[in-house]
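Here you get one chain, nothing else, as C-alpha cells; it is the form predicted on its own.
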Amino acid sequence: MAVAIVILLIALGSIAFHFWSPWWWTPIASNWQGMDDTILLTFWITGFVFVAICAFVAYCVWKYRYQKNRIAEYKPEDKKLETRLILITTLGVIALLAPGLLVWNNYISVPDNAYKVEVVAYQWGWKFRLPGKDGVLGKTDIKLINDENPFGLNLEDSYGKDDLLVDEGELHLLLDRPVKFELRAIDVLHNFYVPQFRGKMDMVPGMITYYWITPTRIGEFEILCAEYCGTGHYAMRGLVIVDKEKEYNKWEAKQITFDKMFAKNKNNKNLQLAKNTK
C-alpha cells in the first residue's frame, strides 16, 4: 500500500509542478499561437496517459500484492486487450501529429505580401539584408564574399545595388507586417531562433532555408543561435526590435545601401594599399 501511495503522489506532484512551474514559455509576440496550442494539446494528452499509467501501476501494486493463498494465473495473450491498446494508441498518435502538421503547413506557406529579410549567420554573429526601393533582394553567391563585399552580392545583378545592409546584429521589423526570413550561413550550421516569435530554423551552408512570421507587438526580442556552432556559440546573440511605422521608417532611412558600402569599402582598401606602398 505504501508503494502504491508513493506512485500516486509522484503523479500528483508532477501535475502540480507542471501548473506551477517557473520554467514556462515567454509571452508570444507573433502570429504563431498555434505553436503554443499544439504544445498544450501534447501536454494534455501525454499528461492524461502519464496519470492513467501511474494510477494503473499503483492499482496493480495494491491489487496483486503478495498473498499467501493466492494462485498465479498464466495468461500469455489477450487479443481483445491488444486490439484496444492499438486503437487507443493510434488515436493518441493522430491527435498528437495532426495539429502539428497543420501548423507546419502554415509555417512554410508564405503569404504573397510578406516582406523578405535575409538573415546571414557566421561565427559568431548576425547580419541582415533588406530590399531597397525596388522591393527585390539581389542575388548572392558565397564565392563572392570578400572584404569589400561581405554579403557576397552579385555585382551584375542590378536588383542588389539598393539593398540595405545591416551589419550590426540588430534588426528592426514593422509591426503587423508579414515577414519572410531567408536564412543562410557562410561557415557552419547555425539556427535562427527568437523565442517570442515561436520560430526557429536551421541555417545550412550552401542552402537557403526560411520561415515567416507577423510581429504582433512592439518591443525588443533576443536572437539566439539554437544549434551548437563552435566555441563562441554562447555569445552568438542579436536583437530584433519591432517598431511602429514612424520609428521603423527612421531606422530604415539610416541604413546603408550595398552600392554605397561597396564603394566605401573599395575606397578604404585603395587608401590602405596606397599607404602600404609609400
Partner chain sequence: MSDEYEHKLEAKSDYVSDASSGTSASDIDKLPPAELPDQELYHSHSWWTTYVFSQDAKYIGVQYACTAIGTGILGLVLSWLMRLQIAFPGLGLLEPSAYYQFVTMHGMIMVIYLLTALFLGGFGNFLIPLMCGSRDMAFPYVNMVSYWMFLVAVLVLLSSFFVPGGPTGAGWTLYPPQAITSGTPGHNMGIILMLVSLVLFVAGFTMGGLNYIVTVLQLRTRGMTLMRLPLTVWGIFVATILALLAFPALLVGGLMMTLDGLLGTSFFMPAIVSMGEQLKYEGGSPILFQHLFWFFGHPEVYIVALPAFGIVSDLISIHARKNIFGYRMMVWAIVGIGALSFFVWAHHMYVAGMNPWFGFFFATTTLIIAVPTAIKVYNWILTLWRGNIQLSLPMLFSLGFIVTFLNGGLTGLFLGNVTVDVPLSDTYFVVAHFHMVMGIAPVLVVFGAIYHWYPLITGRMLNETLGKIHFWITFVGSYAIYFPMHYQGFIGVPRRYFEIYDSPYIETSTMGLNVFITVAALIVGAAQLLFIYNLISSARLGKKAEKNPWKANSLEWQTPEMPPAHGNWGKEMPKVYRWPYDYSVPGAKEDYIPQNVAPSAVTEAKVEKS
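Small disclaimer: the values here were computed from a predicted structure and weren't measured. Residue numbers count along the first chain shown, from 1.
The same protein also exists as the form predicted together with its partner chain; that form is not shown, yet it is the one meant from here on.
The closest non-hydrogen atom of Val57 lies within 4.5 Å of its partner chain in the predicted complex. By the criterion of a heavy atom within 4.5 Å, Gln123 is counted among the residues contacting its partner chain in the predicted complex. Proximity of Thr26 to its partner chain in the predicted complex falls within the 4.5 Å heavy atom cutoff.
At a distance threshold of 4.5 angstroms between non-hydrogen atoms, Asn249 is out of contact with its partner chain in the predicted complex. Just one listed stretch, out of 128-136, 110-118, 156-164, 180-188, contacts its partner chain in the predicted complex at the 4.5 Å heavy atom level, and that stretch is 180-188. Counting a residue when any of its non-hydrogen atoms is within 4.5 Å of its partner chain in the predicted complex, the hits in 223-248 run Leu224, Cys225, Ala226, Glu227, Tyr228, Cys229, Gly230, Thr231, His233, Tyr234, Ala235, Arg237.
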